[in-house]
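First, one chain by itself in structure tokens, the form predicted on its own.
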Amino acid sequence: MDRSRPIGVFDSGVGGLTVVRALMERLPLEGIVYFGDTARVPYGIKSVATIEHFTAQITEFLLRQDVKMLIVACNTMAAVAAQVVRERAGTIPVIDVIEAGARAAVGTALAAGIGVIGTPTTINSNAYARRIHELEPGARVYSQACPLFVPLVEEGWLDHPVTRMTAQEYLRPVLAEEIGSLVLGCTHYPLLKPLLKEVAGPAVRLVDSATTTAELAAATLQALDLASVRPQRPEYRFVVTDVPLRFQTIGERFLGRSFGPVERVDW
């Protein structure tokens, strides 16, 4: 396989751009094609069959872009449709945020327990707890849905008193279990890291779904001898299904930098 081929990253909307940001920092030589299904977000209220259908469509689109790796940057997709991606990808390696987060979580001290926060859909799927227990049967996992975090992040209220109060309420039952690590099980949540760290306290290690995914991607590319060695500046493409302007406005906050033209596709 040509090592100069890009990495395909996809999400139901803008949240996966935190994964792209981490990839840019960890793998600065790699090209990236990002797909955000902004016309059909949110996925969390849809049936499993619908999510699987949408995921299959996006996977086929990215495979046509000649990618060398697929990254499922949406926790909802990863929770219910990761196998759909792997079946269609064939020999193309596939990693997802839940796998990366679970692996990183079990790498911490388990005696104190592991907290997981995410959207209601992700938490109700039990995907993180199930995978953590597969990796470490003795782990104690405490999960908490945080439905207000996504709209607060997209509003830009990253250090707002309302967000701080919301975080204190959400984390109170999890912190009461004396956890040693807290998995940020949504790609929006890395933008809240400073606030969450303050609320959780110094004894709790935050497991960032974006950086853990970038680390797993780097290790996978290295193991498969697929890491790019080209010295020229890599190409980044951003593809959405609706309203590129709004995506660009919010997305630049997630990405931490400006990006060029955003492509729009119609199914």
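A residue's number is simply how far along the shown sequence it sits, counting from 1. Owing to the predicted nature of the structure, the values given are computational and were not obtained by experimental measurement.
Another form exists, predicted in complex with D-glutamic acid (DGL); not displayed. Remarks below refer to it.
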Handout entry: Candidate spot 112, 132 and 182, all three touching D-glutamic acid (DGL) in the model of the complex (heavy atom, 4.5 Å)
Key = no
Fill in the blank from the handout: Interface check vs D-glutamic acid (DGL) in the model of the complex: of 145, 175, 150, 89, the one with a heavy atom inside 4.5 Å is 150
Exercise for the section: Counting only non-hydrogen atoms, choose the one of 211-219, 56-64, 237-245, 40-48 that falls within 4.5 Å of D-glutamic acid (DGL) in the model of the complex. Expected result: 40-48
Exercise for the section: Consider residue 196 of the chain shown here, and say whether it contacts D-glutamic acid (DGL) in the model of the complex, taking contact as heavy atoms within 4.5 Å. Expected result: no
Exercise for the section: Consider residue 186 of the chain shown here, and say whether it contacts D-glutamic acid (DGL) in the model of the complex, taking contact as heavy atoms within 4.5 Å. Expected result: yes
Problem - Residue contact check: residue 100 to D-glutamic acid (DGL) in the model of the complex, 4.5 Å heavy atom - result: no
Exercise for the section: Mark residue 74 yes when one of its heavy atoms lies within 4.5 Å of a heavy atom of D-glutamic acid (DGL) in the model of the complex, and no otherwise. Expected result: yes
